[in-house]
Every structure is written in C-alpha cells, then in structure tokens.
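The chain below stands alone and is given in structure tokens; this is the form predicted alone.
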C-alpha cells in the first residue's frame, strides 16, 4: 500500500450484544472500523432480542435474526461478539468459517473444548482474532516498557491485586433460611441496568472466570511465558448470589511459570462501599535489579461535589486510549499479517489457567494447566 493510498475501512457485524456494549462501541471508536449490522439467532429468548434491537437502534443499523444471512448480505470483514460467555466460541467459529476476523468479549468461554474448537477454526481459516483486554491502559504500557528496557533486570516474580469494587446483589447472609436460592440468569439480567452483568448466561461464573482474564493477561504480557501449574484458594465470601450458585467472589492464585518465574494474583468482587474507585488494582513486579509497584488506574483525578450520587466513582481515569489502541493493533495485524496483543490462542491458555485454578480451589491440590 503506497503512502498516498487511503487505508481500507473494515465493516463489522455485531453478533449478539446482550452483555457489555463497550466492546462494539470500542470497535466503532476507531476511524477504520464501522458497525454494519447486529445479528443473532432467531431462537434466542425475548430479552436477548430486546437488547440487540436497542443497540441496533442506537447505532442506526439493522438487526437481523439470522446470523448466516447477516454475514452474507452485509459485506462485513469481521465479527464482534458480546453474547453470553457460553456462546462466544460458537458464534466465533461460525464467523471464522465465513472467513471473517473475530473480536470477542471476555471470557473466551466457560469450556476449554469450545476454546479449542475456535482456535482450530481461526488457524485453519487464517483470520485474525482478538480477545478484548485492558493491556493498553497507560499504566500497563509503562510497565511493559520498563520490563522490556531491562530496567528491572531479569524478571523473577509478578503479583497482581485485582479487587473489583462492585456489588453483586444482596450481601452474604442477608436472606432468610426459607428464601429460595437466587437464580443466576434472572439476577444477571436485572443487573444490566448498572453494568454489573459481566457474568450473564445460563452457567454461573465466579470472579475468576469473569474477570480473571485481566490480571492473567497482564502477567502473560509482561512475562512473555506460559503458566505451567497453579494452586488456588476460592470462596464465596461477599455475595449471596455467589453462595447460592456455588461460585467464587474471592480467590488467591499462585502460578508456577516457565523459566522458574513465580506469579500470583488476588481477585475479588468486594462491593461498591469498599473503595472510592473501581477497585484496588495494582501490579507488583520483582526483578534481579529492581522492583516496581504500579496502580492500574493511574493517571486519574478525583471529583467531589455537593449532592454527588453515592453510586458514582469519585476517582476517574484519564488519558486512557485502550479501546483505540486495541483496534489500531487489530488493524495493523490485518494490514501486515501480524499478531494481535491477545489472540484466541492466548485466550485459550488463560481459560486453561482459570480452569486449573478452579479445580485447585476445589481439591486443595497443585494442578497442572492443560
């Protein structure tokens, strides 16, 4: 492509947008990408169609209740998938089989067999893939630069605190002994109004499955090596919904990694009253020549005023270009047949680490990542 030529714009099909709209909105924030159509399967329940229709109306694009038709009729280059987690890979496989690049919301899947199916299809078709992540936040960009510059020497250990300051329904112990268990899907559908429905779907998911991608992606990017074994402790400590559905809202994980590197993370959904920001999220890196502690939220400003809504986070991140940089990375990968910052193969390895951690949390044993 010559310097005088305009770069190709890419048209995206949004395949289900029942969870967070931040993924397709992030795609559309880059000038080389445009949303062309929203699509889903006709047999999906009414609440799914309602959310898809609302997003399509907001963006003034059609909604088609037929995925295959949408991929055929709207001249699209990629699919953006933000469905329930258990449908991510199936929609991704169908898009890749049609020759489309794929961008998926996290987590990649709740089943490793589905991850493997998607990785195989993406590899066979030679399309690009991206699992949405936060690796381009300013603090992470700076941390990566410091590691790659050799300032810390040989990296020896990484720890991530990832405490997410959001509620998840009634606190543990607040319901009576005769109250029925909280229904996972119904409660997550209701949580959509405040954006705390990241685990929406039929299969209950704890914080390790829902949010574990973020700290594990940080560790993977900064270390450049894979996890071999994990030891974890998990608990439903804060929220009755997690207790009733036997999934974690608090966990600690120790990681044995290639080359003798040690990693660890503490993760939890600790409630909105626990922190003035979105949560306590920090990285601790230890090298042979120095160490580093960095706050994921920086740079930020704090805003306080009379009558401030108690649900509003006073601390606000600034100078963040994560969405734009993710999509610039994706565009460059397509243009030059290069890698993306986190493809589905990397997402599969993170999913395998989470699965091993959940197994370890149940057994109390060290578990090898498969």
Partner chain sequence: MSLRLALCGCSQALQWSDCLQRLDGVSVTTVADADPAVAEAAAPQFGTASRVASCEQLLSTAGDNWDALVISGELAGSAEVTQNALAAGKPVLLENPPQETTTLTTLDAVAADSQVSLMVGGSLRYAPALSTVQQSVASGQIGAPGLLRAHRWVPAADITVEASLENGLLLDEVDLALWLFGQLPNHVLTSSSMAPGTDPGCVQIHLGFPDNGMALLDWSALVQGAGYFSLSLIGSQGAAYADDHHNTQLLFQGGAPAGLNTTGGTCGRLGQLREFIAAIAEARTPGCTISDACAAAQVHQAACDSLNTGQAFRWTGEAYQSCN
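This structure is a prediction, so every number in the text was calculated from the model and none was measured. Numbering follows the first chain given and starts at 1.
The same protein has a further form, the form predicted in complex with the partner chain, not shown here; the description that follows concerns it.
*Asks:* Give a yes or no for residue 284: in the predicted bound form, does one of its heavy atoms lie within 4.5 Å of a heavy atom belonging to the partner chain?
*Replies:* Residue-level check for residue 284: yes, a contact with the partner chain.
*Asks:* Is there any non-hydrogen atom of residue 134 lying within 4.5 Å of the partner chain in the predicted bound form?
*Replies:* Answer no; every heavy atom of residue 134 is more than 4.5 Å from the partner chain in the predicted bound form.
*Asks:* In the predicted bound form, does residue 258 come within 4.5 Å of the partner chain, counting heavy atoms only?
*Replies:* No, no contact at 4.5 Å.
*Asks:* Even though the partner chain is not shown here, does residue 252 get within 4.5 Å of it in the predicted bound form, heavy atoms only?
*Replies:* Because a heavy atom of residue 252 falls inside 4.5 Å of the partner chain in the predicted bound form, the answer is yes.
*Asks:* Hey, of 101 to 109, 120 to 128, 155 to 163, 180 to 188, which bit sits against the partner chain in the predicted bound form at 4.5 Å between non-hydrogen atoms?
*Replies:* Heavy atoms within 4.5 Å of the partner chain in the predicted bound form occur in 155 to 163.
*Asks:* Would you kindly say which of 275, 94, 87, 175 lies with a heavy atom within 4.5 Å of the partner chain in the predicted bound form?
*Replies:* None of the others qualify; the residue that does is 275.
*Asks:* I need to confirm a contact call. Of 115, 200, 213, 232, which residue comes within 4.5 Å of the partner chain in the predicted bound form, counting heavy atoms only?
*Replies:* For this set of options, the contacting one is 232.
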